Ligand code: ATP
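In structure tokens, one chain follows: the form predicted alone.
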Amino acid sequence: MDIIPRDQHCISRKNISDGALKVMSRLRSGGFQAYLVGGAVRDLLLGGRPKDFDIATDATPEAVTALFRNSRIIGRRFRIVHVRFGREIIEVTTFRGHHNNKPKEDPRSEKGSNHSRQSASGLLLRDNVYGTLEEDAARRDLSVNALYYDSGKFEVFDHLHGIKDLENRTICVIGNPEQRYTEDPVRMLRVVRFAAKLDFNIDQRTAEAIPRCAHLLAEIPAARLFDEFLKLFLGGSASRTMDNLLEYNLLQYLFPSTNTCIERDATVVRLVQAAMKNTDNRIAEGKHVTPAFILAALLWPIVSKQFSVLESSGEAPMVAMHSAAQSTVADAVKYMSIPRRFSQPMKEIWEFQLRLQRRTGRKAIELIEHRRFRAAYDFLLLREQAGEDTGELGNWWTEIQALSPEQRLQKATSAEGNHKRPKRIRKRRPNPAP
């Protein structure tokens, strides 16, 4: 283990939240060890400002909640404690130990909760084996996330060449990559995500094991994959993350139909790339981003194709779009859960693409006031950017928004007049001869 003293690292207490400092201080006062750990230490060493602060300790979850009234134990796969300070939540975890040479019950735990369980394939179903600081470091997934900061002594503890990997800008799995992926296949998604987020390279052994273990992602519950989806694409590096997912053939376990379309159609590739860059730009500008928009882009190739088939068979356009949307979502949730609060606006964005085709009359102008208009309009521009032919719809809606309400109405109604069919003059039949 390497100990880096205060004068050899750049971490300052002023960049650590008051809540995290309070938690560590009270744990130490209670006779326990307490360290800032994981992404917070990594980001502080890289000169960034972490949003979340996690604490590792030798105190059991029950001991932590005894010290903090503003806390609660969560999780079953691995029990952790959330300590709340207003809107901030400090996550406190007990040092994890190795599964071998551990008794079934640990005297530090209550109610027999300290145990582990694995599936037949080696997937960790429960991981409540407690251990020492050294064991905890070895049990973490990536070396750059296995750095510990002691706010009492101002020292950084590096057990597994984390500092070296930070300096070399390398993502490296701790231990045998194939074994670690087998224990938790989501680690493969974490590898590509952190490589994209930090703009790091992936260690050769870490990368080479991914193709051999990628199929294990099929065992991960759909709800957990949705949580990973949010982390993958809402962290500000969606574009690089997508490149990594495609490079290591991992997208097929999240969006198999989209992955197939990407392999066959360059327009789909451009649409997905444009959506990811748009998301990253909005996050960089501090603008709101909704998962519904990203999902709409990723699944549009499938819904668009099904819509075309249904419309060609004689279905009315809106009915065809509704049916295609329902079918696409039903297939997608077999692999990754999509909560209704996102699937519903996603479907509305798709259906709005048909409504935007109308450019005449008062009803067309009223679309601008609709709550889904902005998202649907942005999505329309993405489609055009990818090379879809929409008949210059994007330009028309861009221009109409720049006009005053009166000018909008005048333009739409004048266009309506130009598009009206001339009245048919009915010829009178001659009166029958008497």
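Predicted model only: the values in this text are computed from it and were never measured. Numbers follow the displayed sequence, beginning with 1.
The form predicted together with the named molecule is left out here; the points below concern that form.
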Although the named molecule is absent from this view, report whether D203 comes within 4.5 Å of it in the predicted bound form, heavy atoms only. no
Does any heavy atom of E388 come within 4.5 Å of a heavy atom of the named molecule in the predicted bound form? no
Does any heavy atom of D184 come within 4.5 Å of a heavy atom of the named molecule in the predicted bound form? yes
May I ask you to state whether K51 is within 4.5 Å of the named molecule in the predicted bound form, using heavy atom distances? yes
Heavy atom within 4.5 Å of the named molecule in the predicted bound form: which of R282, K305, R72, K231 fits that? Just give me the one. K231
Residue (of F194, W350, F293, Y149) lying close to the named molecule in the predicted bound form, criterion heavy atoms within 4.5 Å: F194
Only one of these stretches, 249-257, 305-313, 132-140, 160-168, has heavy atoms within 4.5 Å of the named molecule in the predicted bound form; which one is it? 132-140
Out of 33-59, which residues reach within 4.5 Å of the named molecule in the predicted bound form, heavy atoms considered? G38, G39, R42, D43, K51, D52, D54
